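In the form predicted alone, a lone chain appears below as structure tokens.
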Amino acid sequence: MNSKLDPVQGIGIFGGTFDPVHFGHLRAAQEAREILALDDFRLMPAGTPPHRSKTMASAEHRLAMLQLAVSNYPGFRIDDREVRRKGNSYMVDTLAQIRAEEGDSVLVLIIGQDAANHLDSWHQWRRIFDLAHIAIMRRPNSSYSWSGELREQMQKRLAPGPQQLEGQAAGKVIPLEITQLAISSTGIRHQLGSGRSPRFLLPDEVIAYIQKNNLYQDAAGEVV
């Protein structure tokens, strides 16, 4: 893992529902930021994610928890545009808006392996390649599961590493081998709903916020 690259002028987008944010999210974001060496790395909470029927906490609560989680880490910036925007949070719309703001800057969308395997279910997924590079976070030795047109698009754009991104605004796909911590937001919600402590799975400031606002109290029997 090479974290010694010179900073690249560009933007990384690390999105998610963060329901709630936990150390698995934060560790993955930190490693992606170091590997990509981008000078602008943004965590982006989804407002109304179209691939989920609902989130357990409101967008405003999820944003507040994320702000608390990264308040002491200046390398992260929070972009709240999807929370502020009404309607479904389609990533293609978000990327188009950022592209309009930033011109020909390097733009990298960072997603997990599972999301990458189903990218062709995303709204206007082909257009994403015109707007950004895609960095796929994956476990060491994990395999891709693509088929059809998605496989063709991914394979022809696959690049060996982040060095290939500099000077190109969009269109490449690169793998990021990162540490995958066995922590899930679903598991944390179940613990909270069952009256168990999730300490050491997420920041104490976030736990205090959850308790203060009585979040996830009925999550023990949730269906996800």
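Note that residue numbering begins at 1 and tracks the sequence as displayed. These numbers come from a predicted model, not from an experiment.
Not on display, but discussed next: the form predicted in complex with adenosine-5'-triphosphate.
- For the chain shown alone, residue 64 is not a contact residue for adenosine-5'-triphosphate in the predicted complex, no non-hydrogen atom being within 4.5 angstroms.
- By the criterion of a heavy atom within 4.5 Å, residue 181 is counted among the residues contacting adenosine-5'-triphosphate in the predicted complex.
- Proximity of residue 75 to adenosine-5'-triphosphate in the predicted complex falls outside the 4.5 Å heavy atom cutoff.
- At the 4.5 Å threshold, heavy atoms of residue 203 stay clear of adenosine-5'-triphosphate in the predicted complex, well away from it.
- Listed residues 130, 114, 102, 149 were compared with adenosine-5'-triphosphate in the predicted complex; 114 is the one with a heavy atom within 4.5 Å.
- A heavy atom within 4.5 Å of adenosine-5'-triphosphate in the predicted complex is found for one listed residue only; from 70, 170, 28, 173, this is 28.
- Of the stretches 94-102, 80-88, 150-158, 131-139, only 131-139 has residues with a heavy atom within 4.5 Å of adenosine-5'-triphosphate in the predicted complex.
- Shown here without adenosine-5'-triphosphate, the chain has 14, 15, 16, 17, 18, 22, 24, 25, 28 in 14-42 lying with a heavy atom within 4.5 Å of that partner in the predicted complex.
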